[in-house]
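A single chain comes next, written as structure tokens; it is the form predicted alone.
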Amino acid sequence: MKRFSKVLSLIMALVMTLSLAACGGDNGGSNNGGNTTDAGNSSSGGTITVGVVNNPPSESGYREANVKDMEAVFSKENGYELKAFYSLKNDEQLQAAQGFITEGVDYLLISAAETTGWDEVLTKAKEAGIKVYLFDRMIDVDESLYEAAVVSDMAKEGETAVNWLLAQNLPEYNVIHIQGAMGSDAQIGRTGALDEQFASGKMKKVVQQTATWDEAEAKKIVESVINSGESFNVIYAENDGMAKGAVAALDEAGITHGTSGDVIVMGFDCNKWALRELLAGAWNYDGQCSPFQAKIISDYIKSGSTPSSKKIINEEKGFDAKELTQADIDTYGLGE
């Protein structure tokens, strides 16, 4: 009986050894520590992990729509695990991106607070086999460090807005220029065309100051100019929220604005509430900036295909209060 037990024990040990070898021996699917396969699936063949570094939804109506779009597309139901970090500070974004690389996400998606400082982090991502997509904003790195950038042409947005302003043929242009977060792609692009007009002398820079996308800060800038007594007839605000703050200062001072007023008001992003201000004649112009990049990126991830171009541009337009319709608001407006 003892002899039979020893034989049985040896047989069981042999079976367990063969079983363990079968479970651990298939290493053919290894892909750099758990990053994506060519087909777009994670190393486990299941959920795709996406790390998103973005600006906070509180930044603007545009950003709120952008964040919601990312959450809707990169959802559990669509086969993703979304890890997101939000900050307006570039150094905090860089730390978060490094953290996602250390965690071993499959993809890293970035809308950078500033255009510079990203070389080292993106190099580490490439070394780790993590594919990077830029969205909303460009950054100053070698294009070999990212798969593609799905972005707005911020410089074109600025050119479109300034060309519209020139077409108004004002006898003079005295401009309050309220800038977004300095160093961001949106600020640089929307500032460029206006700076050219200031340099040429066609337009006068009454003040040029950042409100860092903030409505209350924009209101303070305009209040300061009003209190100084300096003449102005244009407010060029680099997003809708700052334009709203500027208008609040005008209203409190009893200064008329819009299509029948003394001051031209310009914003960007095309929130529905802002377009309604155009339709009512209280504002004059709003530049479109599309926040919907997630599906384009997801399609490349799921298909495993490589984008044919490093830069994928969202088509956008500018809206004149005198030509805007309710149908435009329904089609292009963000939010409710």
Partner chain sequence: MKDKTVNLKGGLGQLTIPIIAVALLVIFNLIRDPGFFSISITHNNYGNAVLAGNLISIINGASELAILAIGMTLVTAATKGQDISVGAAAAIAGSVFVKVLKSGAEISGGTVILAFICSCCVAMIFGAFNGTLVAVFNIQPMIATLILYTCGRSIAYWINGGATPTVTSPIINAIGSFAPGIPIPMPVIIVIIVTILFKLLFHFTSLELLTQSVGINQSAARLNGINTTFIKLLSFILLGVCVSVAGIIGVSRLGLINHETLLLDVEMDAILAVAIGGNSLGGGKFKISGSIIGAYVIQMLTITLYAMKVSSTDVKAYKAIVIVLLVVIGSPVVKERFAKLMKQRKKLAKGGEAA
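Being a predicted model, the structure only gives us computed values, none of them experimental. Residue numbers count along the first chain shown, from 1.
Form predicted in complex with its partner chain: not shown, discussed below.
(request) Choose one stretch from 72 to 80, 226 to 234, 124 to 132, 162 to 170: the one whose residues place a heavy atom within 4.5 angstroms of its partner chain in the predicted bound form. (result) Contact-bearing stretch, as computed: 226 to 234.
(message) Using a 4.5 Å heavy atom cut-off, which residue among Glu103, Glu120, Asp251, Glu196 comes into contact with its partner chain in the predicted bound form?
(response) Exactly one listed residue reaches within 4.5 Å, namely Asp251.
(message) Residue-level contact is defined here as any heavy atom of the residue lying within 4.5 Å of its partner chain in the predicted bound form; does Val206 satisfy this criterion?
(response) Looking in the predicted bound form, residue contacts with its partner chain include Val206, since a heavy atom lies within 4.5 Å.
(message) With the partner left out here, check for me: in the predicted bound form, does some heavy atom of Pro57 sit within 4.5 Å of its partner chain?
(response) Contact with its partner chain, yes.
(message) I'd like to check something about Ser87: if you look in the predicted bound form, is any of its heavy atoms closer than or equal to 4.5 Å to a heavy atom of its partner chain?
(response) The answer is no: Ser87 has no heavy atom within 4.5 Å of its partner chain.
(message) Quick check on Asp153: any heavy atom within 4.5 Å of its partner chain in the predicted bound form?
(response) Asp153: no, not in contact with its partner chain in the predicted bound form.
(message) Please tell me whether the candidate spot formed by Val263, Gly287 and Asp320 is one where all three residues come within 4.5 Å of its partner chain in the predicted bound form (heavy atoms).
(response) No: no residue has a heavy atom within 4.5 Å of the partner.
(request) Pull the contact list for 297 to 336: residues with a heavy atom within 4.5 Å of its partner chain in the predicted bound form, in sequence order. (result) Just Glu336.
(message) With a change of at least 3 Å, which way does the C-alpha separation between Lys68 and Asp330 go in the predicted bound form: closer or farther?
(response) Result: closer.
(message) Comparing against this form, do Lys68 and Ala327 have their CA atoms pulled together or pushed apart in the predicted bound form? The difference is 3 Å or more.
(response) Closer is correct, given that in the predicted bound form the C-alpha spacing of Lys68 to Ala327 is reduced by at least 3 Å.
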